[in-house]
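Quick setup: one chain, the form predicted alone, written in structure tokens, and binding and motion questions come after.
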Amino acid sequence: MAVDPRRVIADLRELDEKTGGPGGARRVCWTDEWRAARELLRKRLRKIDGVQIEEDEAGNLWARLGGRRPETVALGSHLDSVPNGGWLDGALGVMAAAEVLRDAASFGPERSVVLVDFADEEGARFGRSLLGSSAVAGTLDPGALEGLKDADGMDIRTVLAEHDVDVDAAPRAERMREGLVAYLELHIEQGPVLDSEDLPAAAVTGTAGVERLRMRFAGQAAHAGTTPMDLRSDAGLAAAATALAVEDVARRHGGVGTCGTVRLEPGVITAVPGVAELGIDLRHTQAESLAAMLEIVRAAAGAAAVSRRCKVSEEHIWRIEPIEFDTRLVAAAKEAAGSDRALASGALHDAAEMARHVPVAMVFAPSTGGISHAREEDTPDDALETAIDVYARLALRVISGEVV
């Protein structure tokens, strides 16, 4: 094995220099910075003999290396980031995959190998996560994207068209699954477990399910100084009560719940809010518990609306059920890591969509302090080197046909 983890880290540092800065990563999908990150990756891939590069109908980038056998092992992750994100999230898996591809090209692989940089894993601009990988997995419904706009009011269809992606044609990316026998992904944990246990790498058993929705409370805007407290229809307080219910239900059910966006109308300090919109994200590793959390939150929103003389409506943004990874590959990942330690991921990953159709495994590297989706995100170089080495060992075993 000629994989060089230090070269991967150097590539990541260069990526950070070009698309990061004091405020954090700027690789939000469907932006110029994201395209710049893609171009850096392309330059690396063009230097690998025998690799063919293409973008599919959903904007995913693929780099294919033929092997002695037609079945194909996919390696990858995503280059896109959240606004002001970290230097490793997603990018670690892509650059590590490029290094494994480089190594495989040097000896001629048994199985064919393909690197994939999935488009819009984060969903940071339009709220729809795993867009590119869901197109490949066959779960993307173009109709469900209708009406999605970014913070500047730009429509998703218009923005994607600027990047040569036709929303209606995106599901044709399913064709890229042909011949795949496995998908392997390296990622930072984005949580505190490995860091607290002083582990440089671990296998991942699967991903939590997610319910993502937007609640809209409609009350009556009124003067903040002249409207008595007991005569108000305060949509903002109805949203606030629902947000507290989200926290409570997550704690009681052993899941997580987040209200990451709040919008008030008219949005001035001297007016009672007449309209409030609350973005809600619920997650759990068990489908039954996730469903229960969702129903309790809906009931709490209804009760809060009644108590504040408001009406409430719901827009369901996106969902994915809990996903378990392939037991054989998870076992192989444990062997590569030299540890039986494995954990489920509370964060979403493209691996979850791919696991619907092909055997999947992931390797986690620790996140310092458990911090991610922030500019402070980091992992010590020695832990990165170990995790990259573990991932490469797993990948090369699968590429050789020894596993799966």
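Definition used throughout: the rigid core is the maximal C-alpha set that superposes within 1.5 Å between two forms. Computed from a predicted model, the values in this text were never measured in an experiment. Quick note: we count residues from 1 along the sequence shown, nothing fancier.
There is also a form predicted in complex with a further copy of the same chain; it is not shown, and the following applies to it.
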item	value
Residue contact check: Ala151 to a further copy of the same chain in the predicted bound form, 4.5 Å heavy atom	no
Contact label in the predicted bound form: Arg283 to a further copy of the same chain, heavy atom within 4.5 Å	yes
Interface membership of Thr258, a further copy of the same chain in the predicted bound form, 4.5 Å heavy atom rule	yes
Residue contact check: Glu189 to a further copy of the same chain in the predicted bound form, 4.5 Å heavy atom	yes
Proximity to a further copy of the same chain in the predicted bound form (heavy atom, within 4.5 Å), stretch among 242-250, 101-109, 71-79, 177-185	242-250
Proximity to a further copy of the same chain in the predicted bound form, single hit among Leu294, Val272, Ala300, Ile320 (heavy atom within 4.5 Å)	Val272
Selected contact from Ala144, Ala331, Val193, Ala169, since only one has a non-hydrogen atom within 4.5 angstroms of a further copy of the same chain in the predicted bound form	Val193
Any residue of 208-238 that, in the predicted bound form, places a heavy atom within 4.5 Å of a further copy of the same chain	Arg212, Leu213, His223, Ala224, Gly225, Thr226, Thr227, Pro228, Met229, Asp230, Leu231, Arg232, Leu237
Exceeds or equals 2 Å, Cα of Thr139 between the shown form and the other one, core fit	no
Post core alignment: Thr285 C-alpha displaced by 2 Å or more between the shown form and the other one	yes
